[in-house]
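First, one chain by itself in structure tokens, the form predicted alone.
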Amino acid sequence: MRDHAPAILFLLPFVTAISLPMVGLKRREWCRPMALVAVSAMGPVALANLMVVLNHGEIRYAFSGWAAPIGIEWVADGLASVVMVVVSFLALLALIHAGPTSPQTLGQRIVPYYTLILLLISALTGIVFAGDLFNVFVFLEVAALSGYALVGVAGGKALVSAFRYLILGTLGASLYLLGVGYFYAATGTLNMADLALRVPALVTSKAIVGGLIFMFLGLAIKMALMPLHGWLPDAYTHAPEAVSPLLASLVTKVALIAWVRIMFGVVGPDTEIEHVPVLILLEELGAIAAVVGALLALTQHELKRMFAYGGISHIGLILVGVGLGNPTGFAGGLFYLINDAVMQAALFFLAGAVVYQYGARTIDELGCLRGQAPWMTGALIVMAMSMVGFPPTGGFFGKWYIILGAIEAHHYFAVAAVILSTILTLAYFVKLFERIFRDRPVSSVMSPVEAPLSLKVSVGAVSATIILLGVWSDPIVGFLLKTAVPTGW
């Protein structure tokens, strides 16, 4: 039974998703409880899967008994198992948060709404576990199609944002699939473990080089790596408050995980293209994204748009860590990815709560929080500490390990990028707190309503997790060093 955990984690939201349209014909009010039950069950299964991997090593799950490379194989290794715990936890909190913040005009659309959310969660699970390049593509597209529709649910400007997301997402998927085709033409296989045995001998092949470039460009769009980030700010800003946290915390991070598995598990970290080390290129792209993303966040006036650009900056920081070419930086980058998933969920939970309780969407309207909602202000302080990188939060330790890795590699440009992005992050949070503690609320802010318990639970849980990740940073990083670092480092 323990070896079936990856399949169970996928089937819980997937089976519920395909059941909701039938149930919703008669009982629309059952949709939300069914979704909550399915996602709640994922947490214990994800933890059990992680314990199995800790005690017995990775799980290779062959569907229908067909062994790889002929059959479809899923791999639950240390990294995938940790990420699935994060996905399960944040997906549950996102559904709890979605109760009061979901659009009130859904009506009969409540059935496809929760169906799409569950399909998105199941697709993210498939990406994390998929052991071959084509299945990564399949689940990327299921997640993307669900995301396009969920962004557009709000109507109005969200429809334009969803269309832009659709165009760029389709371009990314096409580039990725083109790269997969090149890999198959050169090797005759798509299984990652099988590819890892064949690709090193063909690394100078134009098909392999071209395939790698196309797959990177496709996944770079999916992870919103600057300058391929154009779809993200509008999508996160105009998406419903119930949807933004799920997209911001998980979609880009899982796409980045897919790239890490391809780069380090298939191609190899020492690969060069025309004598240019791929990791050095990734690190430099990440450093630019980290600084420019934080700078753009500083110039924003809408709260969700500021947080969206902050997320783009942190994608760059993660790429800096994994691109340093040593275990310290790699583990630090992955640890920061986990922290950033939680931090992005926390920020968009808070943004949704502020909109629900006060109707405040811009930074200038944040004065409404002064003396009115100490739980929101306290949570924002915790989030700011982690985003900037103050101890004892998880964000501090993630940046610490990335900087240590950069110093070990003598990559001082990366150190400067992390420090500069941190200063800029501090600057835009100072801007937020200045509005809260110095400015009076503007007249456009509506009279406050009582915040439901579900909003306080979701914001409080992620705020506590930010601290706990800092407290548990040593064992988590140690586990990543043991299980996720490429062989030979």
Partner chain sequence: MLELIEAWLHRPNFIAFVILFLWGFYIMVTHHNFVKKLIGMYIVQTSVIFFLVAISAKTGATVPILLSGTVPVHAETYANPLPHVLTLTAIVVQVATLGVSLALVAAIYRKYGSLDEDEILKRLE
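Positions refer to the first chain, counted from 1. Predicted model, so just to flag it, every value in this text is computed and none were measured.
Beyond what is shown, the protein has a form predicted together with its partner chain; the following relates to that form.
In terms of contact with its partner chain in the model of the complex, the residue from L177, A409, I280, I363 that brings a heavy atom within 4.5 Å is L177. The partner is absent here, but in the model of the complex a heavy atom of Y182, alone among Y182, F390, W400, Y356, sits within 4.5 Å of its partner chain.
Its partner chain in the model of the complex comes within 4.5 Å of no heavy atom belonging to A416. Of the heavy atoms in L171, some are within 4.5 Å of its partner chain in the model of the complex. Although the partner is absent from this view, A162 contacts its partner chain in the model of the complex, with a non-hydrogen atom inside 4.5 angstroms. Its partner chain in the model of the complex comes within 4.5 Å of a heavy atom belonging to I167.
Exactly one of the stretches 324-332, 343-351, 193-201, 130-138 approaches its partner chain in the model of the complex with heavy atoms within 4.5 Å, and it is 130-138.
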